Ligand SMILES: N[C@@H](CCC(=O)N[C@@H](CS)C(=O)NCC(=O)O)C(=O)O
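Only one chain comes next, encoded as structure tokens, the form predicted on its own.
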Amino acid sequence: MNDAANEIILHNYPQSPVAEKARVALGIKGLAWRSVEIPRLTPKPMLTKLTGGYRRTPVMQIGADIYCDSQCILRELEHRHPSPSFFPTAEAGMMWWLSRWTDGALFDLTVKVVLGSAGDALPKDFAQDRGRLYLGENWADGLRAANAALPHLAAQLRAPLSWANDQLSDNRKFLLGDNPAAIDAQLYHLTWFLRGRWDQGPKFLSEFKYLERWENTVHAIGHGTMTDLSPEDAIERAASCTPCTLPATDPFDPQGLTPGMQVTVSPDLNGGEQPVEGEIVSATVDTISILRHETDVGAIGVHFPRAGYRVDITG
């Protein structure tokens, strides 16, 4: 297998909090990777050429396999590079449960605080794009409501952050002990977002001295070894490789998904995004992998988590 088939490529941009989660995860693993900087706003033609329409950040590419959503990215990194583990204790299942909260309700709350606090200062095109993505069709009303309810929203954030602060009050280095875990990256990207994008974030977080110490410890991990790559070169990498996923069927799948079915995959929240079309290669409890063909690239495997994503059978 050639080097291009194993090279980790992260399609991201510096200000993305979810990309920061993935970058910290790469740091925990101590991995070398290539960074393709993508636009903050649509259109993202070089990215969607690989994903088939998925436009969220980040996306990881390894050869001709494209991993969408940080949940899917962390699973694949753990599979390919098991040591050091994202799960240094026996509670891997519990960490995935917690991730559905940090990446779901707690992330949504953080987004409302950051976007709501910006008010009219938020650029109109950015407000429309992120508002539609995270708040749904009535995004403008949602942003106004978030601005009006900011003290309440901050109070809702304060409670879980105080719980994390209590967890760290015994001077442990990381949330689970001496070794960093996936859950450290999954919580850190929220405090990183609050601190950097909310003007009251540093003051708000200053209450939690153990959490702040932990933030500095996670920050010191770094992002692994990163070098830049152009989007054109990333597409060339995909064209020179073939997808590597083997067919798999889950006999307990509630939808009865099997290899060969034509499907569309999209985030469960209606954010106005284009579904990705393809043929199922593998469908498990955790991941749906589809095969698609792109002009001038060839066969591409696109992978999504099952949790948080909708799969519709089209043929």
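Start at 1 and count along the sequence shown; that's the residue number. Fair warning: this is a prediction, and the values are worked out from it, not measured in the lab.
Just so you know, the form predicted in complex with the named molecule exists too; it's not on screen, but the next bit is about it.
- The candidate stretches are 29-37, 245-253, 49-57, 280-288, and the one lying within 4.5 Å of the named molecule in the model of the complex by heavy atoms is 49-57.
- The candidate spot formed by 17, 69 and 130 lies fully in contact with the named molecule in the model of the complex, as each residue has a heavy atom within 4.5 Å of it.
- Although the partner is absent here, residue 96 lies well away from the named molecule in the model of the complex, with no heavy atom inside 4.5 Å.
- Heavy atoms of residue 204 never reach within 4.5 Å of the named molecule in the model of the complex, leaving it off the interface.
- The named molecule in the model of the complex comes within 4.5 Å of a heavy atom belonging to residue 107.
- Taking the partner from the other structure, the named molecule in the model of the complex has a heavy atom within 4.5 Å of a heavy atom of residue 134.
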